[in-house]
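Presented below, as structure tokens, is a lone chain in the form predicted alone.
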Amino acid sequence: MDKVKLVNDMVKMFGAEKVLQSELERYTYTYDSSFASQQNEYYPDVVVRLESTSDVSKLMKYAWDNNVPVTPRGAGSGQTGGSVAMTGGIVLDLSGWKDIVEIDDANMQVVVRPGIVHAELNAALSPYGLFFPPDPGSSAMATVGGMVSNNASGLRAVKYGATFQYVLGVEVVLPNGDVMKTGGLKSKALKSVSGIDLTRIYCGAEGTLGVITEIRLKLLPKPQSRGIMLALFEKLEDSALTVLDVFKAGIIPSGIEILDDGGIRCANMFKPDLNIPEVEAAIFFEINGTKPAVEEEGAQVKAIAEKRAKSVEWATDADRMAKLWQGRAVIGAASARFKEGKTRIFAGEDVCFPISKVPEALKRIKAISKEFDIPVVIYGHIGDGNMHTAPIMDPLIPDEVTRTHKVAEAIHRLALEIGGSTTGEHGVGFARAAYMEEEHGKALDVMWAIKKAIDPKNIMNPGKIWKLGRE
């Protein structure tokens, strides 16, 4: 379609204030946090910022009639290129649509629009004694619409699971502009087995099946108390064995996080007052619930950890907990300090392994790092095997870029080889589309059949999950 006509039509339909069309404005939508998107410039032809279901429906009807690709976008904080327009067309920016439609505390649920930020939602829920449990590291910027689209999880997934477990229903504008609600048109129920579960189809669909315009979420009561434990291990294997022993004891901590030796060095460089001893692994356990339960489970986990750990510290007072948790909280930013003149990039950063294979996986990742001479800082959610591997490099040195791509490729292949997954919480986007056939086999064809049934023109976020060119 003629780009000038497209822009003019968007201005006529929605007003100039909702349409971004200059090269500079469109440039800010050509990338997300992923290294893959930053190596290219995927310009949309136009960006439209909408905040009503009726407007989204009008836009999708226009796109359907004119075969224009549409890429839904929230905060743009994703790490797989999921919100960039690989084939031009329209980027539909929903980040300004932050309304909380209803807090139904009696029925322990909330109805929100897709642009509400995770941390802002939980702040609004706090006075009601409720919370939305999934806890991404990007809580201060991640939109709930993006979390649903990528089926995000985070630091407390070991106890609370991923986003899909809390989505009771969604309002979706389909590719042809029709509006659909899943989970029941008027439902306030916390469970339903009525019909095919369309809600789950949209959790993790990454904008390939329509535009999510409203979300009904299940909430949980806020825990009364919490405790934090830091256990230091001189042997990496001992850290994983300790996690398995905790599970075997029937204890499910709310979070279990790991830093490898590189992660510990980064945390200490970023905040020297942390002064975490440089061992092979540091494990952070978080336990929450009633105060007696926290104290009892904390004592049990401490006793288990002391069998293998060099040192163990348990805390329940707020100041000390905050101090201990800082070691894990700062690592995302701290990893960029690993080597002077280098930076941390997001590539091969979200692999998931069987818990029993985590020690093997971490050792092999270190070998991959050494083979290609690209430092890799490792941290993540050892409680569910979801590891974040952070390559450290200089994006202005072509040879380092090439070697970093090889590192990411090797890490993804390793995950598949030992029975894991190429992504545990960040989604596929286009950065991992090349691995989907190997990971899913025939199931990927069935996913495509669903995609083609709902979006036969393939105008919804093309190039994501499935490689461009698939028909």
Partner chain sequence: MQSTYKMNFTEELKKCVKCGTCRAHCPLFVEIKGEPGSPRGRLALIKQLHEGKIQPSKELAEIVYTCLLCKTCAVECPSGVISDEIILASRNYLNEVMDQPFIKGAILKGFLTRPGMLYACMTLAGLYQKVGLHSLLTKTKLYNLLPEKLNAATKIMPDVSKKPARSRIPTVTPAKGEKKFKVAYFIGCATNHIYPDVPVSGVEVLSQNGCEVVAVEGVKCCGMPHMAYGETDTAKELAKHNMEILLKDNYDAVICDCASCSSTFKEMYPHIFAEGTKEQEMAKTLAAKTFDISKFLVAKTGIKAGKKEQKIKVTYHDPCHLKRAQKVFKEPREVLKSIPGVEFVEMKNADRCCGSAGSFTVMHHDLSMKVLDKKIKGAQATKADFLATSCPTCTMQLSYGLKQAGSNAKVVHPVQLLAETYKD
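In this text, all values refer to a predicted model and were calculated from it rather than measured experimentally. Positions refer to the first chain, counted from 1.
Quick note: we don't show the form predicted in complex with its partner chain, though the next part is all about it.
- Heavy atoms of Ser33 reach within 4.5 Å of its partner chain in the model of the complex, making it an interface residue.
- Although the partner is absent here, Trp64 lies well away from its partner chain in the model of the complex, with no heavy atom inside 4.5 Å.
- Residue contact with its partner chain in the model of the complex: Arg344 places a heavy atom within 4.5 Å of it.
- Contact annotation: Asp394 falls within 4.5 Å of its partner chain in the model of the complex, judged by heavy atom distances.
- The partner is absent here; in the model of the complex, the one residue of Ser95, Gln109, Ser153, Ser254 having a heavy atom within 4.5 Å of its partner chain is Ser95.
- Here is the short version: of Ser77, Ser356, Ser311, Gln165, the single residue with a heavy atom within 4.5 Å of its partner chain in the model of the complex is Ser77.
- Note on the interface: of 45-53, 405-413, 435-443, 64-72, the segment with non-hydrogen atoms within 4.5 angstroms of its partner chain in the model of the complex is 45-53.
- Along 15-33, residues Leu20, Ser22, Glu23, Leu24, Glu25, Tyr27, Thr28, Tyr29, Tyr31, Asp32, Ser33 each place a heavy atom within 4.5 Å of its partner chain in the model of the complex.
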